[in-house]
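Starting off, we have a lone chain in the form predicted alone, written out as C-alpha cells.
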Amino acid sequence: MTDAAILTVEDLTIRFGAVTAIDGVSLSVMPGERVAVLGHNGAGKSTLFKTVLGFLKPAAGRLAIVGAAPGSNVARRAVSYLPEQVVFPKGLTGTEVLTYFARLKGVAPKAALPLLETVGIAAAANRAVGTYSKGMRQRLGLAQALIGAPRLLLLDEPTSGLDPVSRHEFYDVLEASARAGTSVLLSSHSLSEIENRIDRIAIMAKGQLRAEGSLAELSRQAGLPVQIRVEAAAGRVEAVQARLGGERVNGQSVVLTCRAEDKVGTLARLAALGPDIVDIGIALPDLDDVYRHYSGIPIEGAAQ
C-alpha cells in the first residue's frame, strides 16, 4: 500500500447551465479504504460518479485518480464501475462476457474466469446471460468490475436485486478486495446494510458535502443521544423511574436518553440500584441517525 490517495477531489464544482450540481466538494479515498457516499436523490452522488468516470468536466476545482485526470488512459485502467442496472448481451454466456471484458482490459481471460467462482455463479458460467436472474446479472457485473484488480471500484447501489444472503456474500468479496488494496467508493440507500461494511461516510445534500468521517466520529460531532433501556425487577419499575427519571415503557422498563459522554456516569447510577434492575440494553446512534441528522432531519433527543 501507499500513502497516496487513490481518488482526490478538491473544491470540485460541476454546473449544468445555471444549476450547480456539485458545489465545492473535497474528498479523498485512500488505498484499501471503503467510503460510502450518501444522499437523497439529486444530492449530487451520480454527478460525482460521472465526473470520476470522466464523463463531466469541472467548472472549478480538480479531481484525480491515482494522480491522473479522469478519462485518461491511466485513470481508465485504474477504475472499474458497477452501475445499479447491469446490462449484458443476452445471447452471451457468463464465460463469454468475462472473456470479452478481460480482453478489453488487456487481461488474459484465463486470469479473469475464476472471478465467476469468486462471485458465486460458476455453475451458470456456460448459460446464456438472458437466462440469469437480476441478482445473477449483478454478480456477473461485480466479476466484470473486478477484472485486473482495479485500484478503485466505483459502485452505484451495488446490491440492487440481491437477496439478503447474496448481499452478505457481495460485501465479503468487497472486503477481500479492500484487504488486497482496492479502494471502494459506493453509493447506497440501504443504510443498515452498509453500516458495518465501510470505513468512512460522506453525506451530500444539495450538491454540498455536509459531513465526512467514520460513523463514530460523525455521531460524536453531532452530539447524537445514547438510549439506555432498563428492565426493572417485578414491582420495582416505579421506584426505578423515581430514581432515574426517563420514560416508562410497557409497565416494566424505563428508557433513558443521555449524551455519549455521559454514558459511563449513567451506567454507574444504574449499578447503584442493585436488585431493582434485572437487565440493561444500550442503543448507540446508528448510520440512519447520523444520516438523518446531517441531512437536516431532526433526531429526537439530539443536542441542538
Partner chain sequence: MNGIDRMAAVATTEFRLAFRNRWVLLATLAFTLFALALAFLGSGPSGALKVDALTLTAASLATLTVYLVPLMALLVSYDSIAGEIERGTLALVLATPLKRGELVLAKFCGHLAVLAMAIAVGYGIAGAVIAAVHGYTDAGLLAWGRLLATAVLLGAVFIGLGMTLSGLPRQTGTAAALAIGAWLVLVVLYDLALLGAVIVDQGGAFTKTIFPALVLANPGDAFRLYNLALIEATAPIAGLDGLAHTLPFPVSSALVVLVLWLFASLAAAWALTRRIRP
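Quantities reported herein were computed from a predicted structural model and do not represent experimental measurements. Numbering follows the first chain given and starts at 1.
Omitted here: the form predicted together with the partner chain. The next part is about that form.
Handout entry: Contact flag, residue 234 vs the partner chain in the predicted complex, heavy atom cut 4.5 Å
Key = Result no; residue 234 lies far from the partner chain in the predicted complex.
Practice task
May I ask you to state whether residue 87 is within 4.5 Å of the partner chain in the predicted complex, using heavy atom distances?
Solution key: So residue 87 counts as contacting the partner chain.
Practice task
State yes or no: in the predicted complex, is some non-hydrogen atom of residue 27 no more than 4.5 angstroms from a non-hydrogen atom of the partner chain?
Solution key: Result no; residue 27 lies far from the partner chain in the predicted complex.
Handout entry: Close approach of residue 76 to the partner chain in the predicted complex, 4.5 Å, heavy atom
Key = Residue 76: yes, in contact with the partner chain in the predicted complex.
Handout entry: Stretch in contact, per heavy atom within 4.5 angstroms of the partner chain in the predicted complex, of 196-204, 170-178, 211-219, 92-100
Key = Contact-bearing stretch, as computed: 92-100.
Problem - The single option of 223, 83, 161, 150 touching the partner chain in the predicted complex, heavy atom within 4.5 Å - result: Here the answer is residue option 83.
Practice task
Could you spot which one of 244, 260, 56, 35 gets a heavy atom to within 4.5 Å of the partner chain in the predicted complex?
Solution key: Contact check passes for 56.
Practice task
Kindly indicate whether 134, 166 and 294 are, all three, within 4.5 angstroms of the partner chain in the predicted complex, using heavy atoms.
Solution key: No: none of 134, 166 and 294 comes within 4.5 Å of the partner chain in the predicted complex.
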